[in-house]
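Encoded as structure tokens, the following chain is the form predicted alone, with no partner shown.
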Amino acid sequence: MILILKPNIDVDSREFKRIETHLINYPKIEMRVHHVQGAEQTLTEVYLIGHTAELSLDEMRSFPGVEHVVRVSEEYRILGRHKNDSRPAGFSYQGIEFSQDSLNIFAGLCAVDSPGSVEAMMRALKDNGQVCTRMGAYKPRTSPYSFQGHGANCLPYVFELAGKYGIKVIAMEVTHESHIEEINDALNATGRPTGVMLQIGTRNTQNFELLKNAGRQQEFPVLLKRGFGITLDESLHAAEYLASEGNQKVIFALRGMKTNIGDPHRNMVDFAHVPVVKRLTRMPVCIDPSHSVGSRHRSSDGILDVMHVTAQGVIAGANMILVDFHPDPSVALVDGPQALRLEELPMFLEDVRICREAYERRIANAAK
């Protein structure tokens, strides 16, 4: 059961103490308190775990401090969709809406290689009206001998250039809790010119200690990629790890499943699960066409496979696109063969616009 308290009622208030005193009578129920910071007010949500069938909805609604009561009806307790659940399906960060109704594009470098590449990418984004990007500083690789990213050394110039070109949010993978601290320190040192969305990659989807640490911090949203060799249910439970520690600003990313059935693509594209995740949870859904396809192959119609699968995800209702670009893919240190070129950015954005318009027309048609 979830108790959503009235705005600005906190744990020190008389109203909260009355609820707490009442729940002492139910020793088999554990109470967890989380604060949700909105644009104008702070909401307190109380998660009741255990034998909550003993509690009456009407009785819990009767407490003066309670705004709304949700009986948990799905397995994903915090991020799931429940009957009569009016909580929002999204959040705002750095003035940008991330929800199940929005669409944001994060085009950028899979791995930062040089200040020149970063600046060229960000200049292209600004010229095309974009305010989000991806920049990989920490890169987990299959081979221990492959480039692992520049790490904290590249953060100062990445953040400074983001401020110079008006980039508001950078999606950046972390593989260890220390990386979160390094990112925060680098933002402070550069005057916090931009925001960061922590990305937890497919190899770390079940790194539960990393999930807990990313969930305990409240500032940065988290982009969680589906595990490439586990079920959707297992990956959605990984998202619950983040939320159970307090961070509900979570976006779920589909990036393809590792199986030879998907050949010749790098992974089996799983974008049919976009509407499934939106139905089961309140999370916005991201697609990663670059790591799904893994190449620049072009169909007989002249359209890149990356753009074809992007279209599939957008028409299905995706809310975010994480896609690789590079000024010169031939010299990229990571995943160059799948990166799009900067001159292809306008065409990619226009193709996304066409597909988004088709999705919106589909919604209107379904509502008739």
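Heads up: residue numbers just count along the shown sequence, starting at 1. Not measured: the values here are computed from a predicted model.
As for the form predicted in complex with ligand PEP, it is not shown, yet the points below apply to it.
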Q) residue 212 near ligand PEP in the model of the complex, any heavy atom under 4.5 Å? A) no
Q: Mark residue 160 yes when one of its heavy atoms lies within 4.5 Å of a heavy atom of ligand PEP in the model of the complex, and no otherwise.
A: no
Q | 4.5 angstroms heavy atom contact with ligand PEP in the model of the complex for residue 249 | A | no
(Q) Using a 4.5 angstroms cut-off on non-hydrogen atoms, would residue 270 count as touching ligand PEP in the model of the complex? (A) no
Q: Considering ligand PEP in the model of the complex, find the one stretch among 125-133, 177-185, 273-281, 287-295 with heavy atoms no farther than 4.5 Å from it.
A: 287-295
Q. Which residue among 168, 77, 237, 139 has a heavy atom within 4.5 angstroms of ligand PEP in the model of the complex?
A. 139
Q.
By the heavy atom within 4.5 Å rule, which residue out of 121, 243, 110, 196 makes contact with ligand PEP in the model of the complex?
A. 110
**Q.** Residues from 178-213 in contact with ligand PEP (non-hydrogen atom within 4.5 Å) in the model of the complex
**A.** 199, 201, 202, 203
